[in-house]
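The chain that follows stands alone, in the form predicted on its own, written as structure tokens.
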């Protein structure tokens, strides 16, 4: 009996280890939304709030010019063609610009897509204001159809002087299986 008092209680150790594993697993899941919030707040990793900016009422700073580059890609398995109408534009901070992005659905079926933006350098995302963007909503496109999708933006005149180039990248994802009711309704309407 004296020997049993000296042995550790394995049940207690196993419970603690299981609780630790479950806690680590839960923490791993919590990291993704916490990281997203961190990136949205700070603009870190080129992420920014995707909300629509108010119309530009800022004064244009004609003494400076910033080169804004556009990069597009489609996610693996996404059959669409997707490209900017122009690869870059020169913008004075405070000046509103419109750039069209061209998409085509070469498949035989209707599809719905969503573009996810990213900005580099990350600090520039705090100064990029999109007034109108196809990335705000899912984009329905009928089989074989082509479309031009506008993006209207301006750079805040407070953008730091050391930022001379801003790269805006969009990745297009197939959302057909997870489409919103509005996107599904739009694709179902006949085109006149």
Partner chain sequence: MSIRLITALTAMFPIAAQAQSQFNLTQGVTEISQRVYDLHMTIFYICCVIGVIVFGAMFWSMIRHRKSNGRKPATFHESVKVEILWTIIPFLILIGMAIPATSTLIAMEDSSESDVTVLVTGSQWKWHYKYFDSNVEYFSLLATQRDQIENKLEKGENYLLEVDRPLVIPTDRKVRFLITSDDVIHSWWVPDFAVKKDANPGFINEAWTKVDQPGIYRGQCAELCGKDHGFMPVVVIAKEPAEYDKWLAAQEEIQRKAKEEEQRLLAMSMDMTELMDLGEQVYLGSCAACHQANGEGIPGVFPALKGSPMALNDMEGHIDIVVNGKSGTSMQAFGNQLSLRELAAVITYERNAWGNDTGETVQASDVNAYMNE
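Only a predicted model underlies this, so the values are computations on that prediction, with no experimental measurement involved. Positions refer to the first chain, counted from 1.
We do not show the form predicted in complex with its partner chain, though everything after this point is about it.
Trainee: Note which of 137, 59, 62, 165 lies within 4.5 Å of its partner chain in the model of the complex, where distance is taken over heavy atoms; exactly one does.
Mentor: Only one listed residue qualifies here, and that residue is 165.
Trainee: Taking heavy atoms only, is residue 87 within 4.5 angstroms of its partner chain in the model of the complex?
Mentor: Judged by the heavy-atom cut-off of 4.5 Å, residue 87 is in contact with its partner chain in the model of the complex.
Trainee: Does residue 176 make contact with its partner chain in the model of the complex, using a 4.5 Å heavy atom cut-off?
Mentor: Residue 176: no, not in contact with its partner chain in the model of the complex.
Trainee: Flag residue 75 as yes or no: does it have a non-hydrogen atom within 4.5 angstroms of any non-hydrogen atom of its partner chain in the model of the complex?
Mentor: Because a heavy atom of residue 75 falls inside 4.5 Å of its partner chain in the model of the complex, the answer is yes.
Trainee: Are any of the heavy atoms in residue 70 no more than 4.5 Å from a heavy atom of its partner chain in the model of the complex?
Mentor: Residue 70 belongs to the contact set for its partner chain.
Trainee: Kindly indicate whether 96, 151 and 181 are, all three, within 4.5 angstroms of its partner chain in the model of the complex, using heavy atoms.
Mentor: Zero of three within 4.5 Å in the model of the complex.
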